[in-house]
Ligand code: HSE
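Take a look at this one chain, the form predicted alone, written out in structure tokens.
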Amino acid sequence: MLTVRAPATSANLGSGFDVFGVALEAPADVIRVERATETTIEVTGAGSQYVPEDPEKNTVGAVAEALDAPAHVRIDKGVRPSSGLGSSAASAAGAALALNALYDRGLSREELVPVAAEGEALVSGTAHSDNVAPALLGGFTVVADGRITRVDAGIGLVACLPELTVSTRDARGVVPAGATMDELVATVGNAATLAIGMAREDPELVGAGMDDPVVTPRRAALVEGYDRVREAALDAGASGVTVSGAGPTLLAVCRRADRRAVAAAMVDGFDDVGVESRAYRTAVGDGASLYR
């Protein structure tokens, strides 16, 4: 049996739609694999009742098929489905790393990214890599034209998950088909600022670069209490707040010393609109870890 701990991730980071992603120190999925003649899947943990165990409907099944690596797979979900924290990506990335080792396929982590992305296609309809790349490689990742660039970035983060559900398909459905030149210029400028901030490990620059006039306003409208929570986080010391992935999690960037105050403010903000939530005091973290 091989065991992998696969981290939650946050994609987009506001200005980097379908391009930027970060691995989080917490939460995480734990995936255990054993060789078998055909793939079977067991799922336990957070929101497991909503995760199909049929290999043809589970991201892990697609990964096992792509690697020609049938196995009995046990997934302990630490990353709730439909959270905006890369739940399906964590399972897909963890399974790809584990099955690659179990069957000695010899693929690098970079080569496993498109394999894990095929699993993501079951959830979102497209094989995109903005979550699976950081889940496998760790750090802050940029996926563009098939290239993956990553940097380590010791940036403090708070991920606040409300008791709401936003499906990836619904969140993609509100993305506008076009943007004005002013919106494009603003988004490119902010994305560049964010990337430099990650490279410098500067939370103020990262927060300033999170602003996005195109996608985030549409997705924010799907998250009850977004404006109140964002304001509370900024007042408590966050330098930027955005929707994590498809939502409903809200992601705040801040100094590590301010994470406790920002987390408490975000939970209180959701409480103010009658929504329960849980905050993870976390940071940009490592990719999936393999244990033999």
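These figures come from a predicted structure and were not determined experimentally. One-based numbering along the sequence shown.
We do not show the form predicted in complex with this ligand, though everything after this point is about it.
Checked against this ligand in the predicted bound form, the candidates 28, 246, 64, 33 yield a single residue with a heavy atom inside 4.5 Å, and that residue is 246. The candidate stretches are 165-173, 103-111, 73-81, 178-186, and the one lying within 4.5 Å of this ligand in the predicted bound form by heavy atoms is 165-173.
Taking the partner from elsewhere, residue 18 is found to have a heavy atom lying within 4.5 Å of this ligand in the predicted bound form. Though the partner is left out of this view, residue 212 does not reach within 4.5 Å of this ligand in the predicted bound form, counting heavy atoms only. Not displayed here, this ligand is approached by residue 11 to within 4.5 Å at the level of heavy atoms in the predicted bound form. Using a 4.5 Å cutoff between non-hydrogen atoms, residue 128 counts as a contact of this ligand in the predicted bound form. For the partner-free chain shown, just 219 of 208-229 comes within 4.5 angstroms of this ligand in the predicted bound form, judged by any non-hydrogen atom.
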